[in-house]
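Provided below as structure tokens are two forms of one protein chain, presented individually as structure 1 and structure 2.
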Structure 1
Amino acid sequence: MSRISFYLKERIKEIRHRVLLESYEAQKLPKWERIVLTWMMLFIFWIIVSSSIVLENLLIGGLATLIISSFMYNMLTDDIRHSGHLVEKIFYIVFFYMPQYIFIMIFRIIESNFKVAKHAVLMDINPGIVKIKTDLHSDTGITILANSITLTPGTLTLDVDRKLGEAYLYVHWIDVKTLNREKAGESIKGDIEEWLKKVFW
């Protein structure tokens, strides 16, 4: 490879990384919203683990989780996309996004179980590894997508590869219908990625 093409490749990589970083910074939640979201998640976890709704327990738990949230807010909310008011976001996540995700996953798991059973009975199997592209950029979003694909019978995410600001998943597929990245991606990811894009950047 000549020096000019190597230089151009490095420049493109640098520009893409910069654009991605600026886009990410622009979509970050304000600090106070991240603390509130982290506190709510930790406080709910506290109530579930302690199994008590006594006033003293709630006060101690609320204070302890608030102190922890003020230091650890980056760990849980760093990848969440900024959109709308905080109350609106919480409302949508709890009452709309989460039930929607659970419904999508239940449907895909049942559908995949029937497909895998059909392949096993008819011995009509064409296994292979396909490489698909994801439009997600955050670690949390890509991790949830990879695990959701693995939870679906017949597919198993083997690896994640990042190149020039883009992410690719290597998936073992029990019935490879196409090696075309877009078509294979549509078939494997289904509606899961579109759902994740509403919450994660």
Structure 2
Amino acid sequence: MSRISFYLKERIKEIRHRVLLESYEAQKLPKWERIVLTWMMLFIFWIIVSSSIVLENLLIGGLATLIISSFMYNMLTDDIRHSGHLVEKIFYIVFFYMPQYIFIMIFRIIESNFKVAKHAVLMDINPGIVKIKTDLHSDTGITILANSITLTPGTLTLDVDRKLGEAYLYVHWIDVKTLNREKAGESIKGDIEEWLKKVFW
């Protein structure tokens, strides 16, 4: 009896893992869309860094970035969520999602600067290390979430732990208010995770 329940538990775990991987594979972008996205990023970077818009410069930069992006297309765009047409996706990312993120992060950085100044003057600190759960699975999404958590007021990411398709973050919190995992996660992550869920897997 006990062996059967063990077997069923392992089987359910295996099936869950496989469903997760299959849904991940189905949400990946096709190859040429990835190459185009990487090429656009690298080309904009080339124009800003070389800072001249002569025709020869644009031709050389376009060719070199096309060669690079045809080899390195996996690195940047492996985790972007699959939805809609390519032009629509670029339009949404450039004109809706990026300004939202920049707008959120500017105000969070200013708030965190003033909060650190307040803590440095008044010394009303109550530090602690808490563990929170994220709903993101991809590498890029977790990296950007951890960086954003470090820049938001009063928190600093210590380590990331991944078990069975679920990711946990250890966060050093300078002013611990609650030990409940859901409440702590809500007040630490805020609306950044809602934003990241729209773009990354």
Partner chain sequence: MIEYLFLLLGEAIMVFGALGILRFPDVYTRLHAATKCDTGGAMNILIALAIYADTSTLIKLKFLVLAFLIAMINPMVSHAIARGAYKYGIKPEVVVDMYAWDNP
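When a residue number appears, read it as a position in the sequence of structure 1, where counting begins at 1. Basically, rigid core = biggest C-alpha set you can superpose within 1.5 Å across the two forms. Given the structure is predicted, the values throughout are model-derived calculations rather than measurements.
A.B. asks: Which number belongs to the form predicted together with its partner chain, 1 or 2?
C.D. replies: The chain shown second - structure 2 - is the form that fits the description.
A.B. asks: Taking the rigid core as the frame, does F107 move its C-alpha by 2 Å or more between the two structures?
C.D. replies: True for F107: a C-alpha shift of 2 Å or more.
A.B. asks: If we fit on the core, is the Cα of K131 displaced 2 Å or more between the two structures?
C.D. replies: Stays below the 2 Å threshold, so no.
A.B. asks: When the two forms are laid on each other by their rigid core, does V116 show a Cα shift of 2 Å or more between the two structures?
C.D. replies: Passes the 2 Å threshold, so yes.
A.B. asks: Rigid core superposed: how many angstrom does the CA of R11 shift between the two structures?
C.D. replies: Displacement of the C-alpha, rigid core superposed: 4.7 Å.
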